[in-house]
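One chain is shown next in structure tokens, namely the form predicted on its own.
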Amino acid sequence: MIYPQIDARGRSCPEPVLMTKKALEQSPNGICVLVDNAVSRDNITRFGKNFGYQVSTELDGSDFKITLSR
């Protein structure tokens, strides 16, 4: 399934988590989030799991692609 993609690269926490939260309000079945640092990756992963999403992460060059799905 193709989910809406959010580009949070270049942003520092908590902004990527807030962007993720807002995007999930619009697309509650799932989204993909691009981030460029491990702290954002870990925070978004934790956020997603806390709200019952399945979370997968893959390395995309030097960035991380995080998929949150139901």
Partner chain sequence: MQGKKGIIGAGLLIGVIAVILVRFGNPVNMGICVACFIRDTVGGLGFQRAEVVQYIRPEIMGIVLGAFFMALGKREYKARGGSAPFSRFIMGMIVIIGALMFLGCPLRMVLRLAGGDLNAIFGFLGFAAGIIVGIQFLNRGFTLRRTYNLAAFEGYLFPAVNVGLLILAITAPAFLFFSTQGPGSAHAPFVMSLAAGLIVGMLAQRTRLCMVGGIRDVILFKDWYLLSGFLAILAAALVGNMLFGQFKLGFAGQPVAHTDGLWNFLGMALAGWASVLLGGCPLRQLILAGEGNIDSAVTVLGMATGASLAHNFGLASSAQGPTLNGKIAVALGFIVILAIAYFNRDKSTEVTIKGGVKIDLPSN
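Residue numbers count along the first chain shown, from 1. Note that the coordinates shown come from a computational prediction; the quantities given were computed from them, not determined experimentally.
Although it is not shown, the form predicted in complex with its partner chain is what the next lines describe.
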**Request:** Using heavy atoms only and a 4.5 Å cut-off, decide whether all three of K49, S56 and E58 touch its partner chain in the model of the complex.
**Result:** no
**Message:** Does any part of Q26 reach within 4.5 Å of its partner chain in the model of the complex? Heavy atoms only, please.
**Reply:** yes
**Prompt:** Heavy atom within 4.5 Å of its partner chain in the model of the complex: which residues of 5 to 37 qualify?
**Reply:** R9, G10, R11, S12, C13, P14, E15, V17, L18, M19, K21, K22, A23, Q26, D36
